[in-house]
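The data below hold one chain only, encoded as structure tokens and taken in the form predicted on its own.
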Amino acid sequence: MAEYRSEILICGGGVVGLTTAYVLAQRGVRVTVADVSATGQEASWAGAGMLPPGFRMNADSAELRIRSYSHSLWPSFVQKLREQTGMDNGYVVCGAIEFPDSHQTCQSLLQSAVNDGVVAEQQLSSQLRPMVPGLGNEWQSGVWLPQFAQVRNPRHLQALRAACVRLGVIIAEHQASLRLERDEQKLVSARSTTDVFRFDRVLVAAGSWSSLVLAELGITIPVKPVRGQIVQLRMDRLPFRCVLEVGRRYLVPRPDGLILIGSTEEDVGFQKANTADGVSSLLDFACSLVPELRQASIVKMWSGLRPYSSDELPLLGQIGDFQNLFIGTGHFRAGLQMSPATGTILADLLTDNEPSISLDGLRADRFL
């Protein structure tokens, strides 16, 4: 049985865990990332990589605060990753059009964006058609967000992992039955079927599985999995190049001709299977928005289990009576989007530094 010693152990190799490890390693901290499977294979990988803008890091809204912080970090974050790994994660400012759903109006969407400090313009049909020539006739107005960006999740996670390894982070994958071990009010080690990990501090960043890890320590948090299904299409010629959103559903075009359709929200526990009902609803949505997509080829489909918290905001920081236990989970649909800010905040907390934004509404212990 191998034994590893580090200053900080991160349980969970998704985008939150890897980003935190990356930030810590850049500061010279010895870090180990342990995952029960391969890193970057769960909800972090499964998403569409949408990065909505925000410009109010001092906002009263916790969601806007952390979104704005991440938005400010993404460009330099991407540049550093490329310099360190030579890998392109597909980051691009592509813009987005938001269309109102049955609960919204264009005016309310526009006002929301303006309140967030985001550049936004209402567009009528004559202005939308040049951007989306095949737009369905029922869509007569929308809101244009030119600062909206996207990144390709699998490529980003590969670059993150590679950068972590280059910086000396130990990556320990396929750690079956990984359990945290305690000595009174302190956690001292984690043990799997093959290895033992010793540490000074530990971060649980296992997405939807974080609540299960904490439950074994007698800590309950309101985080559960919510399945999101996605369908991937391909067209020889992209009929649009910006993200299209209607409520929580979206179309995300990739420069190589792929288009992602997402996504469902299903409270089905830890079941990851795609379903006929879920896939057909996504295809119907896509074809109602852009009828030309009826001619697209279906490339593949998949699903991910998003860590849903009861207020749809992440839980960050120290938790429970243990002196050295920290968590980073509950991001729901925004894990990758918020990952630069989340990783930086968690790295600050784990090294006794003050984060750059207020954590009101984001603290890990707000439900205890």
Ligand SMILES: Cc1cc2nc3c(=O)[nH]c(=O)nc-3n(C[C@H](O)[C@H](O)[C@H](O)COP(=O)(O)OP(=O)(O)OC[C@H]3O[C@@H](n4cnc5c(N)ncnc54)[C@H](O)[C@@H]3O)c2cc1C
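Predicted, not measured: the structure shown is a model, and the values here were computed from it. Quick note: we count residues from 1 along the sequence shown, nothing fancier.
This next part talks about the form predicted together with the named molecule, which is not shown.
Between the options A113, I97, L178, A286, which residue brings a heavy atom to within 4.5 Å of the named molecule in the predicted complex?
Contact with the named molecule in the predicted complex is made by L178 alone.
Interface residue in the predicted complex among V31, A43, L315, L325, criterion: non-hydrogen atom within 4.5 angstroms of the named molecule
It is A43 that has a heavy atom within 4.5 Å of the partner.
Candidate stretches 286-294, 273-281, 223-231, 139-147 - the one whose heavy atoms come within 4.5 Å of the named molecule in the predicted complex
Every other range fails; the passing one is 223-231.
Any of the heavy atoms of C164 lying within 4.5 Å of the named molecule in the predicted complex?
Flag for C164 set to no.
Quick one: does V15 come within 4.5 Å of the named molecule in the predicted complex, counting heavy atoms only?
Contact check for V15: yes, within 4.5 Å of the named molecule in the predicted complex.
Report whether the minimum heavy atom distance between V23 and the named molecule in the predicted complex is within 4.5 Å.
No, V23 sits far enough from the named molecule in the predicted complex that none of its heavy atoms falls within 4.5 Å.
When the contact criterion is heavy atoms within 4.5 Å, does S37 count as touching the named molecule in the predicted complex?
Yes, contact at 4.5 Å.
Quick check: do M50, V213 and Q337 each get a heavy atom within 4.5 Å of the named molecule in the predicted complex?
Heavy-atom distance to the named molecule in the predicted complex: all three under 4.5 Å.
Suppose contact means any heavy atom within 4.5 Å; which members of 186-225 contact the named molecule in the predicted complex?
Going through 186-225 in order - heavy atoms within 4.5 Å of the named molecule in the predicted complex - the hits are A205, A206, G207, W209, V213.
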